[in-house]
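The chain below stands alone and is given as structure tokens, in the form predicted on its own.
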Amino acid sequence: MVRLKDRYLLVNIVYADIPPGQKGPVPDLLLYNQPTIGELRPQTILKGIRSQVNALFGDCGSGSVERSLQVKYLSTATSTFILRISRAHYRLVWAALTFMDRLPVKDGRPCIFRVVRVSGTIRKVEEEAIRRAKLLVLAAKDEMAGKASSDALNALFRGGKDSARNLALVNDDHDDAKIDEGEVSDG
């Protein structure tokens, strides 16, 4: 029996536009990581991703992700969601998310969809989501106390123990990480 192999993408929604007059005593880090509006539903996310895949890759790309694309988790409080997609087509969805620049709702705010983690199991993606939420709370507390630098984007990308590992997008699929010798060029 053949097992269907999927990939799970952990995606954060980062808001690049800060409405005027909203600065106040709130840390910059929290302004970029605001909760998402209540109108955002898993169905609207799927509709937006499918339309973007269709715009980028046409009917072939749209048909390849149609059956396996699914939102497994959506948190409007942390502006985070988890997508499930077949292993063969997760790069199409990742590219579509990269090119999406607004929330897929009526009069959606400008934002950035940032793929934080790609994994073969949902457990690892959930652990990463919890770890990042904890780091966000700690970074906001440090910024309020004046311990951290005032650069909010630096705090957004700040890692834990191993910052190089935390900043890099981690892919649990070791087969995809291998590079054929013919693809590498020194020039």
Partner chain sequence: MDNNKKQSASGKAAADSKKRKEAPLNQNQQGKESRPPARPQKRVKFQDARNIRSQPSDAALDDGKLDLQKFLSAREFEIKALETSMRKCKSANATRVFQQVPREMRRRTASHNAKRVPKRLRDRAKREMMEDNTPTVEARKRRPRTTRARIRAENAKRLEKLAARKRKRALQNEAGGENKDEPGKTTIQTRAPRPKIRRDTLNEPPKPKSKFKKRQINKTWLPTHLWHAKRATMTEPTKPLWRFAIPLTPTQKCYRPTHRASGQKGTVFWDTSYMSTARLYGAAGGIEQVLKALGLVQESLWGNRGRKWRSGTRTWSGMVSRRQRNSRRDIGPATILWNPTLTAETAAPESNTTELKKTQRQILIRTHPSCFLELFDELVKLAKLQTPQVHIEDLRFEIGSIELTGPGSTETLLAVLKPYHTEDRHGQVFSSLVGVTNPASLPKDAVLGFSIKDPRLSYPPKRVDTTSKVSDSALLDTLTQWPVEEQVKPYGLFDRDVRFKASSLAPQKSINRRKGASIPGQEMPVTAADPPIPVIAFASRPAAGGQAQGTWTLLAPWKCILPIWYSIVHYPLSTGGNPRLGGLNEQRQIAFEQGTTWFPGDFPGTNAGVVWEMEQRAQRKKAWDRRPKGKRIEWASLDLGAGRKGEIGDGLACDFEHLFGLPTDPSPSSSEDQLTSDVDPNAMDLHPGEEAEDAAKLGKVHKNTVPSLTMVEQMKKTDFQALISSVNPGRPPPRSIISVNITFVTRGVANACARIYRLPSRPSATTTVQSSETEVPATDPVAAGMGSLPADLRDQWLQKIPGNKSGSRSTKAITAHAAPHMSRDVGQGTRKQLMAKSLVSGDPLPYPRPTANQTDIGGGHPLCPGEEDLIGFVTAGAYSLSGGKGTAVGAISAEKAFDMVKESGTKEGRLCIVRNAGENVGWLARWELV
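Residue numbers count along the first chain shown, from 1. In this text, all values refer to a predicted model and were calculated from it rather than measured experimentally.
Although not depicted, the form predicted in complex with its partner chain is the subject of the following passage.
Undergrad: Check whether residue 63 has any heavy atom within 4.5 Å of a heavy atom of its partner chain in the predicted complex, and answer yes or no.
TA: Judged by the heavy-atom cut-off of 4.5 Å, residue 63 is well away from its partner chain in the predicted complex.
Undergrad: Do residue 30 and its partner chain come within 4.5 Å of each other in the predicted complex, heavy atoms counted?
TA: Flag for residue 30 set to yes.
Undergrad: Verify the contact flag for residue 75: yes if a non-hydrogen atom of it lies within 4.5 Å of a non-hydrogen atom of its partner chain in the predicted complex, no if not.
TA: Contact check for residue 75: yes, within 4.5 Å of its partner chain in the predicted complex.
Undergrad: Report whether the minimum heavy atom distance between residue 140 and its partner chain in the predicted complex is within 4.5 Å.
TA: Taking the distances in the predicted complex, the answer for residue 140 is yes, it comes within 4.5 Å of its partner chain.
Undergrad: May I ask you to choose, among 54, 68, 44, 34, the residue with a heavy atom within 4.5 Å of its partner chain in the predicted complex?
TA: Of 54, 68, 44, 34, the residue with a heavy atom within 4.5 Å of its partner chain in the predicted complex is 34.
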